[in-house]
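Taking the form predicted on its own, here's one chain by itself in structure tokens.
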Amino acid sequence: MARPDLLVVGGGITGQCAALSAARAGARVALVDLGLNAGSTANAGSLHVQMQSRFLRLNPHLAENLESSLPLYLSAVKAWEALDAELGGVELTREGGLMLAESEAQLAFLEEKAERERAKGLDVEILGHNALHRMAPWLSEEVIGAELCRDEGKLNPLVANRKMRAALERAGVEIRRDRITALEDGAAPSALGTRRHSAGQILLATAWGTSALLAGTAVHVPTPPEPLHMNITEAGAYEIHHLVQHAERPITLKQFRSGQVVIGGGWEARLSEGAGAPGIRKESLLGNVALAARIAPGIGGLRVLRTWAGYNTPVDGKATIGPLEAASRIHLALPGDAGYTLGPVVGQSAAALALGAEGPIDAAPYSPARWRG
């Protein structure tokens, strides 16, 4: 392959969508990835739109960033719907998301949050006990209400990842296996690994690895890896149609059409050293599964088939999209949080900017300018 017009570094969903959209626009594209610890291959398939209570609890100082990004989440779900059609189906459903409350204080928190989200264009509603249990009879009676976000949904990431790889191959994207350790900017920028990868433009979709790659530049993006824990059960009757979260407790719950239930929601895993995969914490496994069974008693008898951990990269709750600076040929495509949800729209937008084209969104609010100096 001749020198690519665009070299995408990072083979998760963000990098894959950037590479695919650039190739379909007529560019010569190469994608380079080590193939280890990609967040996308450890993802549980949530399509988040409403503000996640976990992020708000852990990062109250970043709530404004998350709130201002809500229109981007709406665009992200539209991008996933288009991708679902292009790929021939990834088991995407949008029957809404439920954020549960077990106390009046939690319900009051959801009511205030819903008011802020409506102002940003989200379709949300507060449900009382009776309306909620008619909609989701599998819930525990201890759940007294919930916020329903009709914009949310779920998909099967195993299907999506497999079909994305096939789509990249059909589009002629060259996939290279390498660990990139440094960058050289300039008229012919290079990414340095076991060999030099040069291109017309370079796009970094490297999530938690971005901070190290930007060392020596004027752009300093904090991207510490956040190791999180997940589980999947054997198949049961398909009853949980919504993406399920909690107003206060760390839980996400969703059920694939196969009947398998995926349980996660922010339980801590063990940070690895070097390139190793994050490790499982027994207390996270037990606590996560016990909480899920208390919220949805009907799944309590299902056996857990597999438990694993992956890296999340929350950054500051706001995406970063675009060139390092005006003359730079190195571009960033960082979702900022909920990376699997935002990956397609962030990757497509960053690729369009790198090629001098118009993207699906106005990327100006997500410029890397805030990270300079």
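Quick caveat: nothing in here was measured; it's all calculated off a predicted structure. A residue's number is simply how far along the shown sequence it sits, counting from 1.
One more form of this protein should be noted, the form predicted together with a small molecule, which is absent from this view; the next part is about it.
From the list 216 to 224, 202 to 210, 288 to 296, 85 to 93, the contact stretch for the small molecule in the predicted bound form under a 4.5 Å heavy atom rule is 202 to 210. The putative spot formed by 162, 321 and 352 is not touched by the small molecule in the predicted bound form; no residue has a non-hydrogen atom within 4.5 angstroms of it. Checked against the small molecule in the predicted bound form, the residues 251, 228, 168, 72 give one hit for a heavy atom within 4.5 Å, which is 228. Exactly one listed residue, out of 98, 180, 110, 173, brings a non-hydrogen atom to within 4.5 Å of the small molecule in the predicted bound form: 180. At the 4.5 Å threshold, heavy atoms of residue 46 reach the small molecule in the predicted bound form. At the 4.5 Å threshold, heavy atoms of residue 9 reach the small molecule in the predicted bound form. Looking at residue 13, you'd find a heavy atom of it within 4.5 angstroms of the small molecule in the predicted bound form. Contact check for residue 67: no non-hydrogen atom falls within 4.5 Å of the small molecule in the predicted bound form.
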